[in-house]
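One chain is shown next in structure tokens, namely the form predicted alone.
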């Protein structure tokens, strides 16, 4: 089960009520910053924007490929370790707006992790150190350190053997 906080809503679906949960100014500022980083070719500049303008925790030598889309409303709930690669066109979500509730959850991606292109990471998951997520995957649950996972939804392909 993903680690998310649930907030029930009454009336129209939760997406219609999104500005009760996040300010319009924050949403617009984040959107502009994220669109800039999606096309920015400089990894140090991207990481600076993520850390200093969006409030994300991003480790050293972490690389966000072209077109990565981080959560617009709550990017500060994303934590990425050192020397990790987030592949082309990956989406990292920390919120879900549903019909009768919205959910928020941190996304924690460890160090030395490889996320393949076109992956979607849902709110409230942790991807352990050294894990590999195959391209095109939907990460809907935690991934153990050293695991190789893939698919929609993900399943374990192999797990690194720990030396004794």
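Remember, it's a predicted structure, so these values are computed and weren't measured experimentally. Positions refer to the first chain, counted from 1.
Omitted from view is the form predicted in complex with a further copy of the same chain, to which the following refers.
A single residue from the set 108, 49, 104, 67 has any heavy atom within 4.5 angstroms of a further copy of the same chain in the predicted bound form; that residue is 67. None of the heavy atoms of residue 21 is located within 4.5 Å of a further copy of the same chain in the predicted bound form. Mapping the unseen interface onto this chain, residue 94 falls outside it, with no heavy atom inside 4.5 Å of a further copy of the same chain in the predicted bound form. a further copy of the same chain in the predicted bound form comes within 4.5 Å of a heavy atom belonging to residue 152.
Although the partner is absent here, residue 33 is not a contact residue: none of its heavy atoms lies within 4.5 angstroms of a further copy of the same chain in the predicted bound form. In the predicted bound form, a further copy of the same chain lies within 4.5 angstroms of at least one heavy atom of each of the following residues of 116-133: 117, 118, 120, 122, in sequence order.
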